[in-house]
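Presented as structure tokens, the chain that follows is alone, the form predicted alone.
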């Protein structure tokens, strides 16, 4: 067995915390989406991969194919919106739908065609990558999940798997089989004793803490945030008091898309990302969300850090079994829950 001296221990702990920060963001978005819509968002990892690869493509001075996917999804979402709301659409609702689904992707496309060849800089490229990838999530909700919002969790899960497979295939088409890396936000390194901390790692941890604080303020202080919390607690009750659950679902997906795209942009400088890399990343966030019961944000956060640290130390002690150890950790949690859960009466 490999031995770990204090320096190696600190390095592994640092890597685990950085990875756990990304998994925490994904776990929080998974819990949010499931609580509001009952959708297990399997494609969350694809938003990470798309964000990283779009950012890397912009950094290379090329127009990413994902911007054309954004336009196609916007057109499809517009078509569904007109069909689903054809009896209630007025002028203001029509203009809002056109603005959200047609004008926004068109503006992003024009901006991308203009800025991509100019190599406008890291900040602009990162922001543009977010503009391209984040709106895909609410469009996907309109197209794939809103029509079956009242279906069972199993049906929604099957739909999520289908969306995941489609996005992986489209990722291969748009980005190719080769992996890519993006430019680091900061080339600085900081020395803490024997430990060297890259600036990008601090960006990841700092962004994670900032997003968590922003989400806490959003849920606690804003009307939309309180509406999301009400929808998560009781979807039917929220609808009865006038909260539009379809809009809550789109907002939850929009937040998940922003978090996934930002996570991809943050990790792009640290690791090579491929078109199918999002599946494993998202799956580790899913493990953390499951440990949190898909309902508890603090539990999901703690579980995500545990997954990241466990993965880091597993790669040192038994690298060949790293993934087995990480994903196997979910088994005792599920077993304990099945043994401790109170029996429920079967529905008539």
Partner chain sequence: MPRLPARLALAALVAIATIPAHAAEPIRVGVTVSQTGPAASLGIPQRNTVALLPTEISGREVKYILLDDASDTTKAVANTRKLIDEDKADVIIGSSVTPASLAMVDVVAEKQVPMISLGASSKIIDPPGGARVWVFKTPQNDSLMADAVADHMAKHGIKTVAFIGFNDAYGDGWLTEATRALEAKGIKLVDTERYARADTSVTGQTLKMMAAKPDAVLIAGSGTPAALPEKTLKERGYTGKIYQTHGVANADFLRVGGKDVEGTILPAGPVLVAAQLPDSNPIKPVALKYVHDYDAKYGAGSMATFGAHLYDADLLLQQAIPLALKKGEPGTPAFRSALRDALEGLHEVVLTQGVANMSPKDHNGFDQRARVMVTIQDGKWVLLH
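Numbering follows the first chain given and starts at 1. In this text the structure is predicted, and so the values were computed from the model without any measurement.
There is another form of this protein, the form predicted in complex with its partner chain, and it is not shown here; the text below is about that form.
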item	value
In the predicted bound form, segment of 147-155, 75-83, 177-185, 120-128 with a heavy atom within 4.5 Å of its partner chain	177-185
297, 34, 68, 316 - the one with a heavy atom within 4.5 Å of its partner chain in the predicted bound form	316
Exercise: residue 281 in contact with its partner chain in the predicted bound form, heavy atom 4.5 Å	yes
Touches its partner chain in the predicted bound form: residue 12 (any heavy atom, 4.5 Å)	yes
Interface membership of residue 196, its partner chain in the predicted bound form, 4.5 Å heavy atom rule	yes
Any non-hydrogen atom of residue 322 within 4.5 angstroms of its partner chain in the predicted bound form	yes
Contacts with its partner chain in the predicted bound form, stretch 255-276 (heavy atom within 4.5 Å)	271, 272, 274, 275, 276
